[in-house]
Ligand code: NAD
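In structure tokens, the next block holds one chain alone, the form predicted alone.
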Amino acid sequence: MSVDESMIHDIVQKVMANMQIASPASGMHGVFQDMNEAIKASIEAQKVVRCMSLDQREKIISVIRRKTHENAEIIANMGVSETGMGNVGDKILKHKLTADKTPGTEDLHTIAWSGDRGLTLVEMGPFGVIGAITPATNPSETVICNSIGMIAGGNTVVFNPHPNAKKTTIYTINMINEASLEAGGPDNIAVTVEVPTMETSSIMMKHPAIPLLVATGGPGVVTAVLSSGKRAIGAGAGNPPALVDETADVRKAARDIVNGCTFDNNLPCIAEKEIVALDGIADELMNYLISENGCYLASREIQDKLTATVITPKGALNRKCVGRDARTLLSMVGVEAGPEIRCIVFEGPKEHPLIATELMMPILGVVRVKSFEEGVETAVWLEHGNRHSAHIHSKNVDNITTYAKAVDTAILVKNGPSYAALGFGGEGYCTFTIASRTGEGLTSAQSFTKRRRCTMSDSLCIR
């Protein structure tokens, strides 16, 4: 890190202490006590944003990118301090990735037809004021990513953040508005409330001035926006399997899978949650996982203790375990692991609760299969029809093709760590709102616009 970690910690504690009350009067831009007042301010800001040129919007976005870099360490520390999830180093990388690779106005493309009967254009216009629900797992990253794309499209946005990440979200929203003001834009291009609740979320979803809802989170919140009667983008859960066949570079596969699984303690929804390994390479894969990649092999007794610890009797995740590192999870079941331990592995059936459940923890269950066909069937079952993300390690193009068609996910990573799909060590842009359920896939500025056709009949054809 470019700044001493103890210094950053002290800064974060001061920031958090000063944010016990956050309102426009206290100097926090875009933060209101009442959701209706927040929406009203967003409506007024959108009247300005929709009239701004693409260049003017891009100036705002450029300052957001710069401020995200400048605040990456502070926001990362705030996120870990407030939620208890993830790790600071990876969150810093995620913020920098979001700043650098989230598409802005360059993502908005005009389609044109010119012929004997004139000229027709299809352009991307703003929805207006967008309502967005954000998670505790990637709170500031999602707010920054959504804001860049939504502002690029000429919109403003009302956020109802996860209550467990409200201070981090408020800090981020204030930063975004400061960026707008610095670039000559309006205040309140992104707004929220001091105390987000189910009630404030309901007000936002029902407000007649909000035509588009975007939810990033679990199945419950996605179902809520899809039941609103409005246009909705739903980025829900996943349980991404990593299939390793007998043609794979097994040593590299082990390294890539652990790197992807442990990134920010497995909080990204695209991260590897379990492994499906063909019998011919399963032993070799397990050896590399344990001997070269810092994996702890959990005995049956430890598996049972972990299951009882990380999953409640009602089948829900223990929130105190989500986003924790492997050593912390092991200490919860009485195992003192060394600093080299990054991940917990074991072999079990696909129905094992630590395999079939999306844990968001660095725990990798390995399911051994006898054939590639069984591997595909097992991976599809484990993905639970979320159509979110899946991964494969193979040098057989036919196998990769078969797997891709079978899982039918928004993201498929071949022969790499999961985070390559977000442009980190891979090509393409970054997003933290992956709308598999509603079909948009990796959202960008285009996703937050509506298509408008403009036709000039019998004119403007110069041939």
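None of these values were measured; they are calculated from a predicted model. Sequential numbering from 1, following the sequence displayed.
FYI, the form predicted in complex with nicotinamide-adenine-dinucleotide isn't displayed, but the following is about it.
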item	value
Location of nicotinamide-adenine-dinucleotide contact in the predicted complex, chosen stretch of 56 to 64, 430 to 438, 39 to 47, 392 to 400 [non-hydrogen atom, 4.5 Å]	430 to 438
nicotinamide-adenine-dinucleotide contact in the predicted complex: Arg319, any heavy atom under 4.5 Å	yes
4.5 Å heavy atom contact, Gly220 and nicotinamide-adenine-dinucleotide in the predicted complex	yes
4.5 angstroms heavy atom contact with nicotinamide-adenine-dinucleotide in the predicted complex for Val276	no
4.5 angstroms heavy atom contact with nicotinamide-adenine-dinucleotide in the predicted complex for Pro163	yes
Partner-contacting position among Pro126, Gly365, Pro103, Gly236 - heavy atom within 4.5 Å of nicotinamide-adenine-dinucleotide in the predicted complex	Gly236
In the predicted complex, the residue from Ala209, Ala112, Val195, Met198 that sits within 4.5 Å of nicotinamide-adenine-dinucleotide by heavy atoms	Met198
Sequence-ordered list of residues in 133 to 147 near nicotinamide-adenine-dinucleotide in the predicted complex, where near means a heavy atom within 4.5 Å	Ile133, Thr134, Pro135, Ala136, Thr137, Asn138
